[in-house]
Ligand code: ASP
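As a starting point, one isolated chain is supplied in structure tokens, in the form predicted alone.
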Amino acid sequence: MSKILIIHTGGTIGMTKTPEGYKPDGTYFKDAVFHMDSLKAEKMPEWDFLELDPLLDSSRMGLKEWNRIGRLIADHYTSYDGFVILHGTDTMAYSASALSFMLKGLKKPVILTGSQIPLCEVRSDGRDNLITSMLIAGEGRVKEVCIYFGGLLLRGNRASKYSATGMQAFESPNYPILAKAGIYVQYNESAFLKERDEDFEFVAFKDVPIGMIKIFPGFRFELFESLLTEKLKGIVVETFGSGNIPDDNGVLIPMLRKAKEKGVIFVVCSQCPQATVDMDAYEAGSALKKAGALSGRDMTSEAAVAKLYYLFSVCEDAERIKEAMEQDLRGEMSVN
């Protein structure tokens, strides 16, 4: 029988109602989990429960927490067959993307899940999300970082939060789902991450200054010039369509060249959930490429940010980082 480690980080699933609104309540949640009859059923894997202190609303999760979760998985890697991470939905896709890069050579399932309605409420979706995540982790067929939510299993670094109120809160707009849970769990094995011949290794992220900007009509690039050229090491820019930018009155391109000289990595992603950045398609985008911007292709912005953190944590050479940013490392982008 397989053995799973549940890691509770916080989020809606473990919250209870207070006069100030829902807040994480580890005492209530741990007791509720240990008294769930479904988790004691014969078909369930064996499991242990580990809880972070403090428990956090996922809006407060960041680099420190990513490293902590990744380290916990690494420390317990040989003792368990899979891991289920209970996490808030707001930043779940960021954490899943970060873990996909941190856990190099991963050969076990790491499933992030949570709920839209707390477990303390009658209609909570947390029960099914938790139970199904544990069954999938216990089967061990998918050996990568995933998000399970609302009946769908998605690659973690391909997922984005889609709905704040729907039970299917996440989507994978540029990559097929890995599994769908109905009466049975139907796996899409052709979409699984191909196993690579490399040993498992945990790579902690360095606290590198990385930013993200969303372009809008009338965006004034000059207001961000000092930020782009002096403070940041990498930046993800969400442009229109397949990588287009508005008329910048001749400000952006010289700014990008200056940033390039300082070793700043400039990655272009799309605001469209279903899109592939192609800076050669339009004149408005080709100027970015000529100035040294990199194509994020069909990566989510969450994956692009995590990938920058990872590459700056393992390499100091800007040219090597740029080369790796446009290569598929963990199934985060399509390269053909």
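The shown structure was predicted, so the numbers you read here are calculated from the model rather than taken from an experiment. Residue numbers here begin at 1 and follow the sequence given.
Omitted from view is the form predicted in complex with ligand ASP, to which the following refers.
(request) Only one of 100, 89, 172, 129 comes within 4.5 Å of ligand ASP in the predicted bound form by heavy atoms, so just point that one out. (result) If I apply the 4.5 Å criterion carefully, the residue I get is 89.
(message) Under a 4.5 angstroms heavy atom criterion, identify the one residue in 286, 27, 59, 271 near ligand ASP in the predicted bound form.
(response) Comparing distances to ligand ASP in the predicted bound form, the residue within 4.5 Å is 59.
(message) Is residue 116 part of the interface with ligand ASP in the predicted bound form - any heavy atom within 4.5 Å?
(response) Yes, contact at 4.5 Å.
(message) Contact with ligand ASP in the predicted bound form for residue 325, defined as at least one heavy atom pair within 4.5 Å: yes or no?
(response) Close contact is absent here: in the predicted bound form, residue 325 is far from ligand ASP, nothing within 4.5 Å, heavy atoms only.
(request) Work out which of the listed stretches, 89-97, 193-201, 130-138, 255-263, brings a heavy atom within 4.5 angstroms of ligand ASP in the predicted bound form. (result) Partner-contacting stretch among the options: 89-97.
(request) Taking only heavy atoms into account, state which residues of 1-24 are within 4.5 Å of ligand ASP in the predicted bound form, ordered by sequence. (result) Counting only heavy atoms within 4.5 Å of ligand ASP in the predicted bound form, the contacting residues of 1-24 are 11, 12, 15.
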